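The chain below stands alone and is given as structure tokens, in the form predicted on its own.
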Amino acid sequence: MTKMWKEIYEQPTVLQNCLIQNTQIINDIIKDIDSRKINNVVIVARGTSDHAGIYGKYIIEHNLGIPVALAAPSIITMYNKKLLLTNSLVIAISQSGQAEDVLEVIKCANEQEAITIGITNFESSPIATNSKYHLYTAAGVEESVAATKTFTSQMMNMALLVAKWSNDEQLISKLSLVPKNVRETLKLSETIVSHISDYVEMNDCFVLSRGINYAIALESALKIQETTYVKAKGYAISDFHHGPFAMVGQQTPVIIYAPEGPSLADANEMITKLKKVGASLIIVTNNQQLLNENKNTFAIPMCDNDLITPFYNIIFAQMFACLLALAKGLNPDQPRGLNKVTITR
């Protein structure tokens, strides 16, 4: 068993812990937010954590209508400029909590007395200790270079914060079911194993989704890139129609997330279009018609809430990447040229 595979299977427990880990801190954050005139949110992160930030951007704008910007840390670290963050909520996301450029954005925000939140897996890390509030992912030591459980626990912390902030009791209830449903999603491993030999010769692929699951297309592509060395690229379905579609030809591998909910109609339209040009489709869905009418489909738990389905879609992606790496004779725990902690400035 690889470390990555072990850590993928730890996620139901990690997510269950997340549901109770930061309850009081989140309540304190909400009180602080409610006492201030917060009119925008700035999220800063790198790599996998940046994809958790994109998930956070979508759900904040979806539930609260507050615009969210993804910070460009180099404005501070490379160009020596300052961001105006006085009335902002600034959220830094980092597995290690050591990202220097992310930390500089937090320091800039602190100087202006903005509300700052660090989401990390290390309570004593620089980002955790320099942020006004710290949301602890409590994922335990993550040994594999490819992040799995820290990513979903980052998403869970973002989702819980937004659910409490927006007084969305229905979302809180649905989040409580995520650990159990992630455990069910892990049963997809047998189906993936039975298909993985079909993709051993794959050298490139596209990963598509729409709306809140866009973050999962990006994270899926990254997991495939770093563990299998396949040239994978994630796109929003809406963007793929424009220029990138021209790159698809006969047997081009395309992974498409098509969950029940608002994005299903667009996914169906793209699936039809891809079939016409002979693409090799991998469809991840909980729509019964798609499951019945297509080969190479992978069923996630029933849910029509786009704030929730990313948790199930990414489990498929993590298992697919890990198993494909092993089928290619690669070690997914130690990708070439990569380290667990990457320090950028």
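Residue positions are given as counts along the sequence shown, with the first one as 1. As the structure is a prediction and not an experimental result, all values here were calculated from the model.
In what follows, reference is made to the form predicted together with another copy of the chain, a form of this protein that is not presented.
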| property | result |
| --- | --- |
| Listed range touching another copy of the chain, judged in the model of the complex by heavy atoms within 4.5 Å, from 259-267, 148-156, 183-191, 120-128 | 259-267 |
| 4.5 Å heavy atom contact, A246 and another copy of the chain in the model of the complex | yes |
| Touches another copy of the chain in the model of the complex: A138 (any heavy atom, 4.5 Å) | no |
| Distance check, V42 to another copy of the chain in the model of the complex, heavy atom within 4.5 Å | yes |
| Exercise: Y199 in contact with another copy of the chain in the model of the complex, heavy atom 4.5 Å | no |
| E143, E169, E111, D239 - the one with a heavy atom within 4.5 Å of another copy of the chain in the model of the complex | D239 |
| Contact assignment for another copy of the chain in the model of the complex, among A299, L64, I33, I26, heavy atom within 4.5 Å | L64 |
| Partner contacts for 38-58, taking another copy of the chain in the model of the complex and a 4.5 Å heavy atom cut-off | N39, N40, V42, R46, G47, K57, Y58 |
